[in-house]
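What follows is a pair of forms of the same protein chain, given separately as structure tokens and numbered structure 1 and structure 2.
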Structure 1
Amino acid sequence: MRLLATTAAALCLTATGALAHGDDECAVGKTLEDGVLTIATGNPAFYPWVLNDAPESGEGFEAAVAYAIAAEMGFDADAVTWVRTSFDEAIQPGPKNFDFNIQQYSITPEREQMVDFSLPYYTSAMAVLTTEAVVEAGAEPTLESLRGLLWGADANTTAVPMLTEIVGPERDAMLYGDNVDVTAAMQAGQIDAALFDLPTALYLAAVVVEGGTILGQFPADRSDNPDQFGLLMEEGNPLKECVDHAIEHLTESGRLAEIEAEWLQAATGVPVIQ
């Protein structure tokens, strides 16, 4: 038995040893499966985070970040496997079927009591998705104008408390199970505007919502807790230190910024809401 384990560890070392990164042994023995990094994402995974719902391709911001982190941790692209989870599956108690989960999880203190988050890999501004018709009807990127709109949001996102804290709409907001339903309601004229992270909002406005447009964005430092995305892990996951180290390294080296520039549309030209 011991012999077998030793052999496996040795094999692992040989496999990873070929990589050039320095700090690539921190994950050994801490993953679900030795020598394999299991990463979870949403089902489906949305543009621009993952292109064509195919994270294996490494295309899309989160897919690229995941592979960069994996490489930092000493895993070849071949040694990465993907699984899909819903939000609920990710937070339910009990053993997880992933090492970490990457699907735009905003880091909040409440959530941190139940699960572990890595250091943030992205800081997002929140943006207001709306339609041309609403703009023509007189909606403006001012808080006063925004308050009078009929709002919608994805119920599983931190857009919900932000909506209340920052905008404070006059009428109760409508909440939905996912982006698709939010956009359906917008298309049906049941809501005027919806709050999303900027990349998602840009994508929805350009591709999904007919006549969709971005009314404006809230600066990332607008609220006390800017919306920061982190990798979600089971609480007490021994891998956390290793993951954080990888992200730290990617941030310092400027690699993370490169990936962001490559996959996330520049947010220039979107007016900032005062």
Structure 2
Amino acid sequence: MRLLATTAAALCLTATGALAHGDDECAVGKTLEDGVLTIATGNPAFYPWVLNDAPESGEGFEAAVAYAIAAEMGFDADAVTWVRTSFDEAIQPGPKNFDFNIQQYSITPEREQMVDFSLPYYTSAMAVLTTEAVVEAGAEPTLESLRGLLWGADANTTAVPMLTEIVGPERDAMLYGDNVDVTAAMQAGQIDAALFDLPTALYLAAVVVEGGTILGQFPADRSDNPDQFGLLMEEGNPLKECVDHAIEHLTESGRLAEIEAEWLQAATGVPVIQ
């Protein structure tokens, strides 16, 4: 149960500086712990979302976004605490041990039946992860070439409908239980390619898949339903209005775009698929 702050407590928090910004009144009495914003991320959290698995550093795209949202809501950095959850654990209905979770959650109608999402903080370009061997065999960053590849996908993600919508492969995609199985199948030569959001694809190509490479990317507006990431919250969380207001302000001010440019700029060298 979320604790209700008294007027005296609210005044005390403001005076001590824990909530020292313009929007502090919105969040008072709506967080798990008075005067503290509890944020969850993955265990572990990966580059480029979080650098060195240390979200408290504020380094990495999602870590930086989290602290920017916290500041907009009136929380100084020392009033932010981090917890870890698995991806699937956090998305289940029921009480949460965090105020919001930032872990590349795509906003979908199915998930919104179990949890609440904030407004989007990132609209992801989708990228084609493949291997150098597939490129050497003739794969090119064109739709015609992509349709002839053998694709794999995590059956539990939005990659499956997006693959059908954007690429329209000639053969049915091979479906797997998670992305670890997808990359293992690629490594074993069982599939040629898979769709991932661009930052994740960059990480997988550099660290996970031996000989991995990014064949190209689709701009976010290429899809009728681009993949958008939102902060995940317990259903009915009263903090949602405060979070949405913070994201609106960061978007309108251009700060979100600045954070994206700072932490995801490595993505700019990937060719765009037409």
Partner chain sequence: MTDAPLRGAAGDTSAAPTRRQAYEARLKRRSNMIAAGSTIAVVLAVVVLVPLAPGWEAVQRSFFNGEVFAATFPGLLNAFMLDVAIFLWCAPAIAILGLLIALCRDVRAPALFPLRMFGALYTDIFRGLPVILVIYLVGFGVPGLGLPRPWNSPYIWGSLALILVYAAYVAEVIRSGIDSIHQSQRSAAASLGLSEADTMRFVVLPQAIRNVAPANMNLFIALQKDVALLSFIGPVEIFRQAGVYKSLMANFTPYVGAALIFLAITIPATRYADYLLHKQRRRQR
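If you're wondering where the values come from, they're calculated on a predicted model, not measured in any experiment. Structure 1's sequence is the ruler for residue numbers, which start at 1. So that the term is clear: the rigid core is the largest set of C-alpha atoms that superpose within 1.5 Å between two forms.
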Lone-chain pair; form predicted on its own identified as structure 2
Would you say T108 moves its Cα by 2 Å or more between the two structures, aligning on the core? no
So, does D197 move by 2 Å or more at the CA between the two structures, with the core held fixed? no
Does the distance between the two CA positions of G74 reach 2 Å or more between the two structures, the core being superposed? no
Once both forms are fitted on the core, what is the Cα shift for R147 between the two structures in Å? 4.3
In Å, how large is the CA movement of E210 between the two structures relative to the superposed rigid core? 2.7
